[in-house]
Every structure is written in structure tokens, then in C-alpha cells.
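What follows is one chain in C-alpha cells, specifically the form predicted alone.
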């Protein structure tokens, strides 16, 4: 169950960003566990559910996550280095020690607000995978690139750079790709199902060409103003294996509705 080589597992991961104090995070995690239907509790043939609280809340929600419960625990970031004189950084082994099962790397907000470039992101991906963490690697284009018609080239260039340090054996079930059109994050404007499906198909084609069946079998998530009202339609478009959810994951009812859509479509 849930081996590193599992093909195209469905995932819905809530990125809580810089929200929720420890007690609030613990309450939300407990609510999710209590309300997840039994048929969704992380079997091989259904959706895997993850949450990504702030660093300081990892230990607060840890009792509700694997192996004590049905939730996977992700960090929102991961340092490129294991340890050292790097004030403010948290390395991959430290995240594992805190109970994290994986980390989100290369989120557009890390790229735009904190200047994280492709080379740094590539180092983070390699370090996290080497440490045994799962990685949700985020790629996506800003609005001006989409309008210029260069969105596919932009996203594939991000993939090329981010995976450049990896050995073929790294391309397995611990690597998850999330496509997040930057212009749709936190704006209330999601990519159309056709837009999302087309980009996911292009990413999968690229992964297949470079890594064979291991690349073809990677889980591809969509992120960008995912809500209960559009989740089912996005899943039905094809080539979308689940979601990286922002604001809607802070409300238990909304998040559970999105999870249900990913599990049933």
C-alpha cells in the first residue's frame, strides 16, 4: 500500500499558507479526520488527503496524521541544505523528525515573494527526495506569459530546471507535480478545465519523453482557485489527478467537498 512506485495516485492537499494558530490548526485537522468518509480513508484505489500547516503547527496536527490518522502531513517549504549556519531555514531531515511526510517546493509565492529561482528549487527537490520525503513540485506561468502564448515553454523550462539534479530512480511515487497558473492563485479566477487539462497533458507528455513510464505515472495536481463549485468539472476534464488547494482548504466543509469530487470523478 502506498509504495514509492505507485502510479498516478489521486491527491488533494490543503496548503494552509500563513494561516491558523496552533490550536486552530489542530481543531481543523481533527474536524477533517472526524468527517472524512470511511471509503476515502487513504486506500490504494481512492484519494490521498494531505494538509500543509505552518512550520510551528506541524507538531500540533501531527497526532491527526499518519500513522495515527488518515491525513498525510506536508510542510510548505524545505531548505536546500540539511543543516548548518542558515538562519531561519528548516532542512528535510528536520521536517521528517517533526513528522512531515513531504514538502511543497517551488510554490509561486516562494518564487515571486521570496525570489526563489530554478537552481535553488532544483536543490531543494533533490535534497527532500534524498531524505525520503515526498515532494509536491509546483510549476506555473504568470499572466503575461500566458497572454504571450509562451505558457507551455515556460512551464516545461521550470520542469527541466527543477528535475535537472535528479537521478532516474528519483522519478517515482514520491514526486508529485502541481500545475498552478499564477494568474489564478488567490484571484478567484481558475483556469478553465480545458486550459488545465491541456497543460497537464503537455506536462505528462514531457515527463514520458524524458523518463518513460516512470514519468508517465506521476501524479499531476491542479492548483489555482480550486473550489467545491469547479472541482468536479476540473477532474472530469482528464489528466488531472487531484488538487493543491489554498483558501478553500481552510474551511472543512469546502475541503471535504473537493476531496469527494477528486475521489468520485
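Numbering follows the first chain given and starts at 1. Since we're looking at a predicted model, the values are computed, not measured.
As for the form predicted together with a small molecule, it is not shown, yet the points below apply to it.
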item: Residue 223 within 4.5 Å of the small molecule in the predicted complex, heavy atoms; value: yes
item: The small molecule contact at residue 184 in the predicted complex, heavy atom, 4.5 Å; value: yes
item: Contact flag, residue 10 vs the small molecule in the predicted complex, heavy atom cut 4.5 Å; value: no
item: 4.5 angstroms heavy atom contact with the small molecule in the predicted complex for residue 134; value: no
item: Listed range touching the small molecule, judged in the predicted complex by heavy atoms within 4.5 Å, from 202 to 210, 52 to 60, 223 to 231, 28 to 36; value: 223 to 231
